[in-house]
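One chain comes next, on its own, written as structure tokens: the form predicted on its own.
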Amino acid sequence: MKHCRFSFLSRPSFQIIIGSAICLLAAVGCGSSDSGSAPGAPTAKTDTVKAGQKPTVALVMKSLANEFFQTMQKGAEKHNSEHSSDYTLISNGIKDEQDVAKQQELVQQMAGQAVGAIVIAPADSKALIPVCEKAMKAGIAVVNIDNKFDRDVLTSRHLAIPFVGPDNRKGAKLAGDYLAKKLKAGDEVAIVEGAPNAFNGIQRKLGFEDAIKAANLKLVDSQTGRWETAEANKVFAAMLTSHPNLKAVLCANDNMALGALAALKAAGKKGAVIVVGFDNITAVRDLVKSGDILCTVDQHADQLATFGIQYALDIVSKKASPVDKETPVDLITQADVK
């Protein structure tokens, strides 16, 4: 994984003192970045956390209706309770996986509270970058988790925001390779994709495709379920009608795997088509154990936010150089579920 340097961009703040026609202009903070400096070059220490002051870290997640992010939140709160003397945690998220505007608003609110760091799992890999850039200009450290920001957009804006998270393509290929052992060359398979504006969704699709190609399986359909159970149910029900010889479906998250399984039950085809998921939520673990779902992929939701939070604290305290960090991803099969 490519490592990058991280830049804290400054925000000049100005105070005008009126008296005797004298104006005093004072820049407060870490100082302006030299416009001729290389993108991502480090600047002086930010002013959002005063010396000796306990920093506040804002965790901004995607849909809290998704069990994955509920688990992430619980993990973050547990970490904070164990390190309450080190930092204050503000934890929040959106209701709808696609409510990008609300997540942008949350980031703005956190920046307005002058938190020391924002740890964000963005709903959109591109649309959240500008508001995070504003936070950085205010001297706030930004750490990206779960869904990676778009590299081209970061480059075009001369930004370097560290990503802490798993290799989603590798994780999806693990699941796809395991599925391939249950099938034979030429068997028809389909993919229910994540949101098309999410880097992790794109990477999971690519990982599934890598495995499909390697096993000489036949990909007959690939459509987005937008991370949602109901949407995946509708999409996959149509796939079943269009492709009666379908042998398996690979879903880019577990919520959509639940939707696909429900569609199979409704069509009277439960057990005739193999279902694969991604995220290792509790509901799917139980189904993996029972054999209703073949496998899922664990990216350790309970630890992912804490990895990002600890890294943000290290960056704020200058104990770490901000570069990308890859976190664990593991295949979960029936043999792994106790």
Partner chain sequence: MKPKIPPAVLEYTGLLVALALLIAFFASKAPHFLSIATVRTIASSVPDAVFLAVGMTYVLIIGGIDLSVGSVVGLSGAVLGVCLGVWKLPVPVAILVTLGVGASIGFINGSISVRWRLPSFIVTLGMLEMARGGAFLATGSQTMYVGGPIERIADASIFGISLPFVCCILAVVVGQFVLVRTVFGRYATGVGRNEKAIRYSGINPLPTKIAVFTICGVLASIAAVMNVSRLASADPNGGTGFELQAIAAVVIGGTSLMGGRGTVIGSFFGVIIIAVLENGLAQIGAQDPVKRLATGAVIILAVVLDRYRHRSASI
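From a predicted model like this one, the values you see are computed outputs, not experimental measurements. Rigid core (definition): largest C-alpha set, two forms, superposition within 1.5 Å. Positions refer to the first chain, counted from 1.
What comes next is about the form predicted together with the partner chain, which does not appear here.
- This chain is displayed without the partner chain, yet in the predicted bound form the stretch 274 to 282 from 53 to 61, 294 to 302, 274 to 282, 307 to 315 comes within 4.5 Å of it by heavy atoms.
- The partner chain is not drawn, but in the predicted bound form it has a heavy atom within 4.5 Å of D221.
- Heavy atoms of V235 reach within 4.5 Å of the partner chain in the predicted bound form, making it an interface residue.
- In the predicted bound form, no heavy atom of K181 sits within 4.5 Å of the partner chain.
- Although the partner is absent here, D187 lies well away from the partner chain in the predicted bound form, with no heavy atom inside 4.5 Å.
- Not one of D150, K173 and V323 places a heavy atom within 4.5 Å of the partner chain in the predicted bound form.
- Proximity to the partner chain in the predicted bound form, defined as a heavy atom within 4.5 Å, holds among S81, N216, T241, Q113 only for T241.
- For the options A127, A230, L206, I90, the residue carrying a heavy atom within 4.5 angstroms of the partner chain in the predicted bound form is A230.
- For F236, the Cα coordinates differ by 2 angstroms or more between this form and the one not shown after the core has been superposed.
- Core-aligned CA deviation for L174 between this form and the one not shown: less than 2 Å.
- Fitting the two forms on the rigid core leaves the C-alpha of K265 displaced by at least 2 angstroms between this form and the one not shown.
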